[in-house]
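Here we start with a single chain on its own, the form predicted on its own, put down as structure tokens.
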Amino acid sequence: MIPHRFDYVAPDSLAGCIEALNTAAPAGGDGEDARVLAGGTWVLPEMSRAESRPARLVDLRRAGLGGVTGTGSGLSVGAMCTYAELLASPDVLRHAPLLHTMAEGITGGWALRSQATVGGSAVSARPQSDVPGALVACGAVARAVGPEGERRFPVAELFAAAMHSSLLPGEVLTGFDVPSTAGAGSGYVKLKRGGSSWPIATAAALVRLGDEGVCRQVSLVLGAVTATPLRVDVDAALVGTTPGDDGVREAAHLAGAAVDEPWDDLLAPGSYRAAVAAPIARRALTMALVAARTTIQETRA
């Protein structure tokens, strides 16, 4: 049960949501004036525990922000797109298989896949969530709309700090533009205590190889090990080489060395997260390399 009174609105347009967020709410809450409701898997439990007491709840479910579609250059993912929609989309498998892999293994499993949203997870900006690191690794661009209009920015800039997004007052995250990574290999690894546990650390990797197996491009992002997703520059170890065990080992070493301010919570101390960063980075890069080589072989066949 939610222990305080609040105004609930579910506008049938994005403009209506923006107006509701920027109009004074009736008395009732004792903290935020208004809060956005997406899937509700974070917001409603927080309100039930009285950790959040907004005067108004603005539900986005009727505002037309769901779904995922293919574009000429990749994907358009609505903020209200669920994990189930990611898994069902052939466009996601074609253009961003990393997002498909991420959605397959989210904490909560099938109980959350049709309810929790990609945008809601991103705005929550929780270090232990799967979505932030995966979106950063894919090079996604966030879209937000507020009273001053629309703005677009690299999704990495959305994560201002642990549990804090960079959305401006009165803004709504509307979705993401995800460039196609077709032809690249992807790898996603996470370490956690059990099936229902939040990740202690995640690693998302993308590797693009040339026809002769030479690495042309690599992206590696660690999640949960720091307050915000950590992009690691491993170009020096892999780009321009035919990657083998030594190169992957060096890249993993760079990943471990990059964690200078590890995230610390009840799940695991920061020192442990820093210690596991290199091993999971190595596993994710190895998976991405195998996938990239398989892609080349299938193209030649």
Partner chain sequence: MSDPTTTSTVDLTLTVNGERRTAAVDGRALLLDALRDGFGVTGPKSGCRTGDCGACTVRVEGLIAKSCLRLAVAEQGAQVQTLEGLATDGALTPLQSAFWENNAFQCGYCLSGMLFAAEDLLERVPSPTEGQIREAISGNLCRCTGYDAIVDAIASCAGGERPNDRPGGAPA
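Residue numbers count along the first chain shown, from 1. What you see is a predicted model; the values in this text were computed from it and never measured.
Below: the form predicted together with the partner chain, not depicted.
Undergrad: Given that the partner is absent here, state which listed stretch (260-268, 243-251, 229-237, 48-56) has heavy atoms within 4.5 Å of the partner chain in the predicted bound form.
TA: Of the options, only 48-56 has residues within 4.5 Å of the partner.
Undergrad: Are all three residues 71, 76 and 153 in contact with the partner chain in the predicted bound form, where contact means a non-hydrogen atom within 4.5 Å?
TA: Heavy-atom distance to the partner chain in the predicted bound form: none of the three under 4.5 Å.
Undergrad: Going by a heavy atom distance of 4.5 Å, is residue 169 a contact of the partner chain in the predicted bound form?
TA: No - in the predicted bound form, heavy atoms of residue 169 and the partner chain never come within 4.5 Å of each other.
Undergrad: How about residue 5: is it within 4.5 Å of the partner chain in the predicted bound form, going by heavy atoms?
TA: Because a heavy atom of residue 5 falls inside 4.5 Å of the partner chain in the predicted bound form, the answer is yes.
Undergrad: Given that the partner is absent here, does residue 39 sit within 4.5 Å of the partner chain in the predicted bound form, heavy atoms only?
TA: Residue 39: contacts the partner chain in the predicted bound form.
Undergrad: Give a yes/no on whether residue 104 approaches the partner chain to within 4.5 Å in the predicted bound form, heavy atoms considered.
TA: Yes, contact at 4.5 Å.
Undergrad: Heavy atoms within 4.5 Å of the partner chain in the predicted bound form is the criterion; list the residues of 105-126 that meet it.
TA: Counting only heavy atoms within 4.5 Å of the partner chain in the predicted bound form, the contacting residues of 105-126 are 108, 109, 110, 111, 112, 113, 114, 115.
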